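Next up: a single chain in structure tokens, the form predicted on its own.
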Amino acid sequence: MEASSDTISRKLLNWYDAHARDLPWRARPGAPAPEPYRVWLSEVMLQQTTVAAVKDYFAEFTRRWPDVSALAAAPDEEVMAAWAGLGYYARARNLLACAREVAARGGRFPDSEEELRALPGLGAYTAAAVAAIAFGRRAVVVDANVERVVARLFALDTPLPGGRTAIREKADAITPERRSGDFAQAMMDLGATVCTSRAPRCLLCPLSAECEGRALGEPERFPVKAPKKAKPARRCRAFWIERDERVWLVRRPGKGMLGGMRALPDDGWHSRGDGTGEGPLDGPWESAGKVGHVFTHFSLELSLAVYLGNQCDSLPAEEGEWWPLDRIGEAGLPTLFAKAAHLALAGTGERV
């Protein structure tokens, strides 16, 4: 069932012209390309995050910082707080670093894939996406949706991640010289709405006649994935210290998990080991319960302790800040610590 690359790209682009998703960072098919800033910002936000989750964040970022120079001039703590809840916080730090480098170049993004790769935080996928979508360059754009479409289209059965080389080669072979940005977005849309992970809607697919996975009768088998490894489980304690309707928050180190974010003080947990259990004050402490959170490579169980003592003045002023309880939602806490704050404010617990 060998189909020409021209046939595949033509069919897919015709489908995209009629069925493209209406997304706030996109231009409609045939319209002038969107601003590179909007393409770059959306692609960074969308890494390992759903479109539904990103829309509100994208709207807020572009309202507050409408261009790359405005974002570059923003204080780190404001950007990190605005990013809170999107996860993968290294992306926010790289976002700022990239914005500042582009601003230093006069506020213009480079238009080649190679030059884009040199910017902070832009890997192969993001550089290719910006080059193709914002600048019309021919670039091979491969995300998880594209991987799935290509693996099924050609019935590529080498398990991931080893199979990604063959997937990229096939994606390259069918990427057209013209409209490569539309083609990349068409592949993404096809994977997101038709060629889905489960129960693909093959009868609606513009490439069903060319699809080798469908011809085999088992498109859902592709892409083949290696068995998942069990995630290690970590444990830690965090501490709620309250005084005069304010709670003590610290700023996490710039590098490492949740780097640069406001957070509750904790016992030094990290991705490779549990925390020490020791708090910033001697106590007494009261248990407020536990919350769980799943990171990319491990799960974490956080036990929250509420301070009952009267030694708050011994907390070093340079290591944190007293944040108003009635504005806790504005602190930009990462999801893990937002869960813990909710637990504390619920007022449950028993003495430990």
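As the structure is a computational prediction, the values presented were derived from the model and not from experiment. Residues carry their position along the shown sequence, with the first being 1.
Separately, the form predicted together with the DNA exists; it is not shown, and the next lines address it.
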*Quick one: from Met257, Ala155, Cys236, Val79, grab the residue that has a heavy atom within 4.5 Å of the DNA in the predicted bound form.*
Met257
*Would you kindly say which of Ala171, Met188, Leu264, Cys211 lies with a heavy atom within 4.5 Å of the DNA in the predicted bound form?*
Met188
*Just one of 155-163, 239-247, 107-115, 69-77 has residues with a heavy atom within 4.5 Å of the DNA in the predicted bound form, so point it out.*
155-163
*Hey, in the predicted bound form, is Lys225 touching the DNA, heavy atoms inside 4.5 Å?*
yes
*With the partner left out of view, is Ser303 within 4.5 angstroms of the DNA in the predicted bound form by any non-hydrogen atom?*
no
*Is Thr49 close to the DNA in the predicted bound form, meaning a heavy atom pair under 4.5 Å apart or at it?*
yes
*Taking the shortest heavy atom distance, is Leu12 within 4.5 Å of the DNA in the predicted bound form?*
no
*Is any part of 113-144 within 4.5 angstroms of the DNA in the predicted bound form by a non-hydrogen atom, and which residues would that be?*
Arg117, Leu119, Pro120, Gly121, Leu122, Gly123, Ala124, Tyr125, Thr126, Asp143, Ala144
